[in-house]
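Presented below, as structure tokens, is a lone chain in the form predicted on its own.
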């Protein structure tokens, strides 16, 4: 029996989606945070989820991380149900939230050593340095304590962790929020590099421009429902803005 997170190509081959949700629903009493959500992200794709606060973006990511349990439906990483085998599914992914929690009194290398160690990897100091440099961290910052780092520098440590883990799935929750334009652009370029290496990326964001510039696909959520889902190449930035405002009913409010 073929898994429901496999797609069949014209060449009669099957491609596994790395991130999948099927009828995923999360309720808190009468409030529905995520409502029958169907998502598919395969290797090398970047799906940017847009939506206002409370749209269900962060809840979706938390469900995929098994931080919270779905009311109904499925969340799968690499075809594995996150509620049935959370340890296995976490071995495939790296999560970078808006404010990445690192140990402030440890250096970048020491933090990377600690977190890769938790994932079961023993990596030499020189290799850890290489991963951090590959993630764009300046050489002079490798052994500085994290408490002196900007947010952009901390996010680069997160990318280095994804590289070190050879991650297959990257989950991001507002990772560029609060970054200056230069840091935001650098982070976006890192995501493109990860995508080119076959990493499946799901990013929750408010930034329409960033979603258009880096996403292969864009979804727009409102009230826990995926209202739109399309290829980025099929819409202009002006068209995206108009569709987003229409979906949020902001135009009606303005009238």
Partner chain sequence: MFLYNFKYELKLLIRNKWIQVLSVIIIINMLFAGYNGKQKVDKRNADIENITNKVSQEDQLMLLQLDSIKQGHTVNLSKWRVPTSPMAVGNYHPRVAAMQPHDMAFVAIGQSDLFTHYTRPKVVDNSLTIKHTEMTSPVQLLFGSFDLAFVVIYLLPLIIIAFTYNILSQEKESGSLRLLASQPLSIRNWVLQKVILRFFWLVLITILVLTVVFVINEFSFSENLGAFVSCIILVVAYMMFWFALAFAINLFGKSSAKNAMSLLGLWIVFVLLIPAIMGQLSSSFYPIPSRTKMLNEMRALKAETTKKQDKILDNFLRDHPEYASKDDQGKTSFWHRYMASQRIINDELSLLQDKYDGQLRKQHELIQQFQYTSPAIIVQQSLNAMAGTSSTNYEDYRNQVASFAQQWQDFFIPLLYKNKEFTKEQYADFPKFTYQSEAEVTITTKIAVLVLFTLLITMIGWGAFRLNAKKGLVILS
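Residue numbers count along the first chain shown, from 1. Not measured: the values here are computed from a predicted model.
Below: the form predicted in complex with the partner chain, not depicted.
This chain lacks the partner; the member of 31, 67, 230, 209 within 4.5 angstroms of the partner chain in the predicted complex by a non-hydrogen atom is 67. Residue-level contacts in the predicted complex: of 141, 102, 80, 179, one residue has a heavy atom within 4.5 Å of the partner chain, and it is 102. Three-residue candidate spot 192, 237 and 247; no residue lies within 4.5 angstroms of the partner chain in the predicted complex by any non-hydrogen atom. Of the candidate stretches 179-187, 111-119, 72-80, 133-141, only 111-119 has residues with heavy atoms within 4.5 Å of the partner chain in the predicted complex. In the predicted complex, no heavy atom of residue 159 sits within 4.5 Å of the partner chain. Among heavy atoms of residue 172, none comes within 4.5 Å of the partner chain in the predicted complex. Mapping the unseen interface onto this chain, residue 62 counts among the residues with a heavy atom inside 4.5 Å of the partner chain in the predicted complex.
None of the heavy atoms of residue 164 is located within 4.5 Å of the partner chain in the predicted complex.
Contacts between stretch 77-92 and the partner chain, counted in the predicted complex as any heavy atom lying within 4.5 Å, involve 87, 90, 91, listed in sequence order.
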